[in-house]
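Shown next as structure tokens: one chain only, the form predicted on its own.
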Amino acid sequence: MKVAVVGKGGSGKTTTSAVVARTLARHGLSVVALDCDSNPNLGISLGVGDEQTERLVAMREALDEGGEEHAPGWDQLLSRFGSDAPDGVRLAVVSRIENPEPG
């Protein structure tokens, strides 16, 4: 299952995403949360903290500036650019996903 949360700025997308991700994970589902926002704060809402969220944002910025290589696949993306969040949620801050795997 893939869930996307979209809407107008300030409508609660980040908070809603964090609640849904942690709730699904607490029910035993494998959850990967991708923060694609231009102002990524999902890490804070998920509970990984300011320092870890800033680390993930800095990694995304390095990718955008060409200082870091893109991950060639899903597993590499999570191992190189991901972080563990509470309740078993896995978080990554991304700018875009090239050649997404279907399903």
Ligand SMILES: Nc1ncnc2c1ncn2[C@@H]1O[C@H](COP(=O)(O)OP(=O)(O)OP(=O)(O)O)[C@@H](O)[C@H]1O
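Note that this is a predicted model, so its numbers are computed, not measured. Note that residue numbering follows the sequence shown and begins at 1.
Not on display, but discussed next: the form predicted together with the ligand.
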As a check of understanding, the residue in T23, T15, S95, S79 with any heavy atom within 4.5 Å of the ligand in the model of the complex should be identified as T15
- Heavy atom of K8 within 4.5 Å of the ligand in the model of the complex: yes
(request) Although the ligand is absent from this view, report whether D37 comes within 4.5 Å of it in the model of the complex, heavy atoms only. (result) yes
